[in-house]
Structures are given as structure tokens and as C-alpha cells.
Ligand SMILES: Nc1ncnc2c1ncn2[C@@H]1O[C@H](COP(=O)(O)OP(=O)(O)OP(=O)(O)O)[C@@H](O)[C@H]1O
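One chain comes next, on its own, written as C-alpha cells: the form predicted alone.
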């Protein structure tokens, strides 16, 4: 085992990043989804910005009245000026407070929708996609996207947009009164913003992306090790896994330090530009005052404007980097939304109508995306309703591919697959798969109660049906003996149960599903003899009246099959009953001898 984690966030599973344009369109789609809340927030927040922008002007006028001295007129003017300043402050705080009350439900609704849609997008991707992507990394990306939306939205709405309005307004007001000072202010602001953009784009962006990759790798590594904890313990490899994980976290620390140092470098440059703006603006106003072209009120206007501008600029400089991080965090989920799934329902696809379970492959061609050539070429086969068909053959012969195509986990390249006369591409995937019950070799249960796991195919099934299904699967006795019975949680992937118990829960699930087609994928290969006997008896009952496809490596389990199909390189090279195939002395007879530890005569020679 390597001490490093071979993880490339850019290329994992062909994962593509979304462009900035796509991220912007994604954000706007969510912002525009609640126009009334957005408009009301914009109204009150715009009022707050207007009050903030008017504050330097009102402060200047107040100082002008004070310089007139404590005359009667001066007192009235000072009182009026004070009232205006106080009113502007009140409007500013009240408007922001009211506006945020519209923003809270607006933001939470969108965040809920983003993480929900991200989960939906991940679920619609193919089995290949999930095989190519680390589960922990996918979880990290989807969960980060919700917070990334919050960061982007807050940065834009609370900092950048009001900052832009104030900076433009102050520059315009200054230019009207003193064109030279206005040009200087506008130029200094432009230089600050340009520096922030260039530093972010060319100095911070790449380290930030590496930092995000390292963060995702932590989630992937955690999931990889935690879900395989039983294997770690069985080899006494806790120290080795700890060292491996420490190396991954060490990489994150190094990338975090590099990103944060560069951010600090950027702040140094921005603070230098703020100093130039402060010194220049105040100096130019004092120069105008010395020449009799500016009053004390004008100087207060300049100082107040600088404080206002510098505050917003400082926030802008800091939040440019927050915006970059938010974009980097959300671009994976934006890409998920834009990515087309390999298998999709056709427009107007109807629900599958379950029948007797007839299956027909008609001149089917199929190959995996990375394969040099098709596995199936002009493949045809009919499975009669109620027939039990066993699939045997060497690894890679096409057995598992057959059942995946029946479930429409992949689309064929050519030909047609029909179930009960319906092209599987013309019906919805969900309705098709609800008519097929699968009992895999290693059932993956949910970290939920036994009741929920058994009722997964029929969540609304009454408890008596759940218990009846468990009895038929020979699972009721061990469940009833548990302290919490059917409400016992089984642990992640069912780790609290033995292999035989998990298998019987999977059989109970299939009984309750009551689907016309049953797929048994080597369902007893890892069980002890006594448990296998119970499970075999349950499966024999489950197969009654159903079309059953059995994938088998232990050939002793399929001797009673109605028909055995022998696959080799994507073709059926033999078919018949067990005795017929043994007498034929072909591939099946060879596989049967190997499964019993025997050698054929020609191999012994």
C-alpha cells in the first residue's frame, strides 16, 4: 500500500470543471427562482446603500453649519444637519435589518435546492461513473457546494455590489466638485481593483485550486479507510492507514499554507494602494483648501469619503479571494448539473407494464466505453416467462453484462432488448427496475433499521407484510431475537450482521418486492453449509412463478435450472440442462470438473 493517496481531482473519472460562465449562469438560475424575495431584499438593501452614500455629503454640510458659529440660525441649521445624519444612520441600519429578513429564507431555500439537486444529479449517473469516482470525494463536493453558494452570494450581495455602488457614487460626487481629485480617486480605485483581480487570477488561483483538491482528497481518503475498516483491522494496519492519512492531511496543510501566504502577500499590495489613496485624497483636498477652493466641510467630506471607500475596498480585496474559493468549491456540482447521464429516459417514456417476465435479446450489440471492441455482437436470446436460467462461464465472458442490460444499467449499441414485449428504452428506468428483484452476492444494506431495509422496495408496506417476507426468507427468527427486533439498525452496509443474515434480509426484500423477474447473483457463494441450506430453500420458494436469472460460479447450485447458458467471450457457446451439458464434454463439463477440483483426462495427460 502506498503512503500517498493517488487522487487527481481534475481528472477523476473524467470529471470536468465548470467554466466561470457556467457558474454565473447556475447562480443566476437560483437567484431568479424567487423573484419576489429577491426584489424586496434589493429594495431595502439599495436603500441602505443610498443612505451610506449620502453620509459623507450630510457630514460635510453639518460641519459647514458648525463653522458659522453658535448663532440662532446656526443652531437651527446644526440641528437640521444633525437630524439628517441621524436619519441616514437609522435608515441604513433599519433597511439592512429588514432586508436580511428577506435574504435568510431566500438563501436557505436555494442552498437546500442546490444540495438536493446535486444529490439527484449524482444518482442519475451510470454505474460506470460511480465506479470511476471516489464516493468520499463526491460526498465532499456535493456538501461543499451548498456552503459555496452561500459564500458566493454573500460576497456578491453584501460586499461587491454595494461596494461598487458606493465607489462609483463617491467618485462621481468628488469629480463634480473637484475634477482632478475625482480622477485621482477613480484611478486609485481602479488600480486597487485591477491589482486584486490580477493577484487573484495569476498569483492565488492555482494554489487555491490545489488547496481545494487536497481538501477533497481528505474526504475521499476518510471514506476509503472508514468503509474498509474491517479489512484494516483484519491486517492490523491501523498505524499504516494513519500514516497514509497523515500524509494526505500534510499535503492539505502545505497547500493551505501556500494559499494563505499568497493571500497575505496580496493584502500587502492592497494596503499600499489604500495608503496611496488616503494620502493622495487628503493631500489634494488640503491643497485645494490652501488655495481657497475648499472649505472645512469639504475636508470632512473627503475624510469621510475616504473612510467609506477604504472600508469597502478592504472588504472587496478580502472577498475577491472568498469569491474565488466559492467558485472553486461549487464548480463540480455545476458541472454535474450540465453533464448528461449515460442512460436517460426518452422524452415521453411510459411506465413499464409488468407481465409474466418474458425476456428477449434481439440482435444486440454492446461494448463498454473503454473496450477496443463490442462484447456482444448480434446477440439473440429468449427467456420464457417463469423459466429459471443459469448463466455460467469464465470471468469476463458476459454473464454480469447480461443482467446489467436487462436492468438497463447500460444502453445497447445496436439491436433491442424487450421485456414482456416492451423495448426497455421506451419505458422509464425506475418503473422497469421496480419489476426486477436483485439478490447480489454481497448485499449492501442501508444504515437503517431492518424494517426499512426489508421494505425498501415497498416503503409503505404494512408491518405484517414485512414480517411475512422475513419469515419466507428464513430471517424472522434471528431478527426477533435482537433487542430491538425489526427496528434494529444494521450499521453501514449491514456490518452488524453476518453474511448469512445480510443475505436473508436481501431475500426478504426480494419477497416483499414481488417482482416478476428475479436475479440471483451468486447469492450463496460465501455462506457456510448450514446457512446455505436455509438460503437455498428460501430461494427455491422465491423462484416459484418468476422468471429467474442465476449467475453461478459454484455449478452445484444450478443443477435444477430449466436451462443453463454457457457464456464465452460474449457468446452463448452451449445451452441445455446439467446432464446434457456434462454428456457433451464441452466448456461446461470442463468448468464443472474444475469446480469439483477434478481434471479432465486430456488436461491430466
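Residue numbers count along the first chain shown, from 1. Here the rigid core means the biggest group of C-alpha atoms that line up within 1.5 Å when the two forms are laid on top of each other. Please read these numbers as outputs of a predicted model, since none were measured by experiment.
Another form, the form predicted together with the ligand, is not on view; read the next lines as being about it.
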- Message: How about residue 563 - does it come within 4.5 Å of the ligand in the predicted complex, if we only consider non-hydrogen atoms?
- Response: no
- Item | Contact test in the predicted complex: residue 173 vs the ligand, heavy atoms, 4.5 Å | no
- Should residue 400 be counted as a contact of the ligand in the predicted complex, where contact means heavy atoms within 4.5 Å? yes
- Message: in the predicted complex, is there a heavy atom of the ligand that lies within 4.5 Å of any heavy atom of residue 441, even though the partner is absent here?
- Response: yes
- Query: Looking at 455-463, 403-411, 329-337, 269-277, which lies within 4.5 angstroms of the ligand in the predicted complex, counting heavy atoms?
  - Reply: 403-411
- 120, 142 and 219 all contacting the ligand in the predicted complex, non-hydrogen atom within 4.5 Å: no
- Query: in the predicted complex, which of the listed residues (396, 311, 105, 421) lies with a heavy atom within 4.5 Å of the ligand?
  - Reply: 396
- Tell me, out of 30, 571, 546, 553, which residue has a non-hydrogen atom within 4.5 angstroms of the ligand in the predicted complex. 553
- Item | Residues within stretch 332-353 having a non-hydrogen atom within 4.5 Å of the ligand in the predicted complex | none
- Message: Please state whether residue 568 has a C-alpha shift of 2 Å or more between this form and the one not shown, with the rigid core used for the fit.
- Response: yes
- Task: Indicate whether residue 438 shows a C-alpha shift of 2 Å or more between this form and the one not shown, with the rigid core used for the fit.
- Result: no
- Message: When the rigid core is used for the superposition, does residue 29 move between this form and the one not shown (threshold: C-alpha shift of 2 Å or more)?
- Response: no
